[in-house]
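Two separate entries follow, structure 1 and structure 2, each one form of the same protein chain as structure tokens.
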Structure 1
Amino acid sequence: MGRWARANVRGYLFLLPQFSVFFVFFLIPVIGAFALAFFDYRPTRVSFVGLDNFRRVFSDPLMGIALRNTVLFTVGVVVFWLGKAMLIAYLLDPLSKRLQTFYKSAFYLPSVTSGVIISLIWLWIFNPTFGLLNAALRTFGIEGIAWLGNPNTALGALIAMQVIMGGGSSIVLLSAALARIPREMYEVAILDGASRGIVFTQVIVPLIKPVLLYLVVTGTINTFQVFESIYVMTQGGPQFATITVVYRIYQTAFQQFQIGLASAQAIVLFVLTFALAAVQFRWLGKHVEY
């Protein structure tokens, strides 16, 4: 065995542990899920049903409601969360490195906290009787609201929670992108009479497009799979106002024990997410230089 072959063998040996974990805990379950989608797989019986599970997915009215809620949740969270991150990163950019580090650490801290813990805290904040939010409203003479108990406010309350608590990693990435822009470009634009709004839209945004594209795509994918806050705070209610696609998959698999149907739902979610990411790359990726 030559030197080149021995070097390759060593490389494959170093990759083997990580690949084994990937193969056992990711690749095999994904392949199994694709296979199960064509079976009626229950604890008591297994039978091949072909495409019947997919027909049931598209004829399920709750799946349609879940998809609508998921799209509304994703659009609301990604738009406002990214806008918040851009605004904060823009305001932090003129500060000293020490202050930037402090504020970026403060904004990033919630992203390393358990989502379940954050959901429990906000469950107390939204409590209609003794919650912090309604207590603040009462000080201004406004009657308290059942934020999570009203179908008209439940989804909006969850979106607001996600926007307020999210965006820490995005602020760090956008701050790094802004730091790479040469200061001379700002000075030239200002000398030419450009306002701060023109500088932001015509100078800053085009130069950070790759980071924005990455944040929009990954944010959409992650938000489209929202589950833990729904499970902890609303259980899909009230009146299915907050049921999402992943929570519907959970109900099908672990409450109704229809594993084959849940696998078909998961495949539909994967196809929708993949198509959405492809559209975003096609639409937002124009004129982006990496």
Structure 2
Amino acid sequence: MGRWARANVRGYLFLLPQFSVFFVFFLIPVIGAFALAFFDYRPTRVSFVGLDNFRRVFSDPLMGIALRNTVLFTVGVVVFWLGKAMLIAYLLDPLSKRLQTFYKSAFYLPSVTSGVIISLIWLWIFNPTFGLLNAALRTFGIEGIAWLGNPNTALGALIAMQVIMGGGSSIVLLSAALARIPREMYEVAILDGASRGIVFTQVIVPLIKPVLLYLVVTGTINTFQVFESIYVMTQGGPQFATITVVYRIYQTAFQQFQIGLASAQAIVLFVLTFALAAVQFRWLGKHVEY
């Protein structure tokens, strides 16, 4: 055994079990994702088609609608979700530890429940004739509608569901960030006669900006991949009002079996996600002081 090998083999042996599966089932598919996008892939033959698949992605009207829906959904969810998490973390901060743990658990519980379960529950809640939502509205004398069956309300209904059920881990993270703010920072501000609002905007927000940035970026990336609720609740309908990018990829690959085209769509998704993350990092990162 050479000297180089002897110096490094210990490290490699510890990596081996995880990296062998990581290599075969992660890195190879990543390379495959880029390669497949340039081929017409059929069970019987595989032919190189250059940029044809990408041209078809951009000329697919449904992909345009899917992209628009996904952006609307993501913006709606991330904005309201983060606002809600911020409000909750802020209200929790001065409360006793026991109350904090109680509320954090309550808000976190739906985050460990699967997307399929949440979707099934809300299909039932949104049910136009027997659902809880319309029953509640009827007691106030309001006649409810088919929230998921109406192209004008379906996407909004899905956003509302996501905002109401989501945010558990953001609350925990923001809460931890608030607890880390040095107490002296508050005292100085209070001595200066600052109001609650000023303390919030001038002291708290600048200090937790790195966490906010992290939550915006990861929240955007995760929300952009929305699939389960679409698959279970609306199948992209009505009239494509809730078709999203990942749902479109799923249709293309596993219902229409156009593997090359689906791979090109996935590459577009990949580029978009990273571009979004990069823009957010630049835009928000400028204002972060460490």
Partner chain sequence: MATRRPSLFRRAVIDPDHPVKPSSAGAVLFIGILSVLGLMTLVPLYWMVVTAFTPPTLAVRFPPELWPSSPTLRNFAAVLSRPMFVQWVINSTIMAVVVTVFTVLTASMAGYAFAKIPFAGSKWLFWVLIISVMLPFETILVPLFILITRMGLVDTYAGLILPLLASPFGVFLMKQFIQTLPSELMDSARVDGANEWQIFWHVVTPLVTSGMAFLGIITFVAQWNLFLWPLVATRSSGMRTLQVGLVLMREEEPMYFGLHMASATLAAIPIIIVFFAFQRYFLRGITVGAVKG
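FYI, numbering is relative to structure 1, first residue = 1. What we label the rigid core is the largest C-alpha set whose atoms superpose within 1.5 Å from one form to the other. Quantities reported herein were computed from a predicted structural model and do not represent experimental measurements.
- Working note: structure 1 is the copy from the form predicted alone; the remaining copy is not.
- Relative to the superposed rigid core, residue 61 undergoes a CA displacement smaller than 2 Å between the two structures.
- At residue 42, the distance the Cα travels between the two structures is 2.4 Å after the core is superposed.
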